[in-house]
Ligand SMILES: Nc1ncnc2c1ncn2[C@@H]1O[C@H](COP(=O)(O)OP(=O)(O)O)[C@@H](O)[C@H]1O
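Next up: a single chain in structure tokens, the form predicted alone.
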Amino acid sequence: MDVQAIKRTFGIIGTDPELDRAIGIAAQVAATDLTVLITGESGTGKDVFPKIIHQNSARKHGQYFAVNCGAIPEGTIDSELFGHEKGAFTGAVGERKGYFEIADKGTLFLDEVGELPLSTQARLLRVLENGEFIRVGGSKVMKTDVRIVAATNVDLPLAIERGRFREDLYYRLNTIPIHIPALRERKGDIPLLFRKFAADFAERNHIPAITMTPEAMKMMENYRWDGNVRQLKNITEQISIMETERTITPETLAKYLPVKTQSSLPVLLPREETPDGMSERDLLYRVLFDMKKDIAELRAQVNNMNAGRPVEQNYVQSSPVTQIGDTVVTRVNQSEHEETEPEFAEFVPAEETHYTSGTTTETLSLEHHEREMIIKALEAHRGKRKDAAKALGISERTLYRKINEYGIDL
């Protein structure tokens, strides 16, 4: 079956060369039993390609199952895929066949395969290598003859680097890779898809189909479409039902296209999203480390002044005062002439440094400052931990752990 015939059969809209190439690979590999890994962003239509492969293979008369690995709880995913024996766990009142057993001689589509737990990945690797598996709670080795097609929108090489996905399983799944281009990478298909979605919705609901002015269509083509084809379809249907005027202008379209706004406020990102992979703890340590270094330099300048040695006036300069609760902290900035520190990688606590302010000597250990900051935040918010965590810029869960770690009792 050629590419155009496949498009008609499966209702695929588009003329983009990369899309045609992906369809061609699916058709070509269908006649084999090779494992296929389909990659692409969410909403690009990855779920259509396993059907193309199955329907054009010798297994087309066998069972076809699509399993969303990300939607099944970690505690039951092994049972769903491999089955279980009676009494294997609480609630297992009888034996159950898994998808690998039911889909024997057929095709199994594992969607969102990047979300599989590591223990399940090990079981899946064994099936891919020799077709063997064991039911949960069982001891008998069972055989299956299943064609595996997997899909993911996760960056698997990055997941491997972070220890979340097995490298051997990745290479076993990635025998034949098929990449589905994002909608913004095939802008020429946007008008075709829009007209198709508008016409289908109008026919189903017995209303006139909406159309776009040339300016509005240009606006659609230049939009990012993070949700890809799925987002385009949803917005087309929203406009079709909400607008009485059937010719859509850029002003009308703008009301339906989400605009991402970026906050100028500092935000602590999750570990996997922070620069250099730093956690909240790492970021807090970095701030304290910089503060400790600044104070040490200021102390050296004061010692020079007391000893009668000349002081470089432009070496340090005071920066704006920051107030946290009732505590006032004055930061000291390095001058432009100072040699910059290397990129922060990992902080190793040095020996405790002491400095004198008036008659008070304070310890500059990171643990001490961290504990004091937490106490002051809790006091400032009258013990309300949710508000204190927000003020500190950390999660409430992290704050609870810190309170237990430092034995803080308020």
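All residue numbers refer to positions in the sequence shown, first residue = 1. All figures in this text were calculated on a predicted structure; none of them were measured in a lab.
Just so it is clear, the following notes concern the form predicted together with the named molecule, a form of the same protein that is not shown.
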Quiz item: Using 4.5 Å between non-hydrogen atoms, is D47 touching the named molecule in the predicted complex?
Solution: yes
Self-check item: Touches the named molecule in the predicted complex: F197 (any heavy atom, 4.5 Å)
Solution: yes
Quiz item: Wondering, does I190 line up within 4.5 Å of the named molecule in the predicted complex on heavy atoms?
Solution: no
Quiz item: Any of the heavy atoms of E41 lying within 4.5 Å of the named molecule in the predicted complex?
Solution: yes
Practice problem: Would you mind picking the one in I25, A391, L19, L399 that has a heavy atom within 4.5 Å of the named molecule in the predicted complex? | Solution: L19
Exercise. Name the residue from K105, R230, R224, K86 that puts a heavy atom within 4.5 Å of the named molecule in the predicted complex.
Key: R230
Quiz item: Taking the partner as it appears in the predicted complex, which of 165-173, 230-238, 142-150, 96-104 has residues with heavy atoms within 4.5 Å of the named molecule?
Solution: 230-238
Quiz item: Heavy atom within 4.5 Å of the named molecule in the predicted complex: which residues of 123-155 qualify?
Solution: none
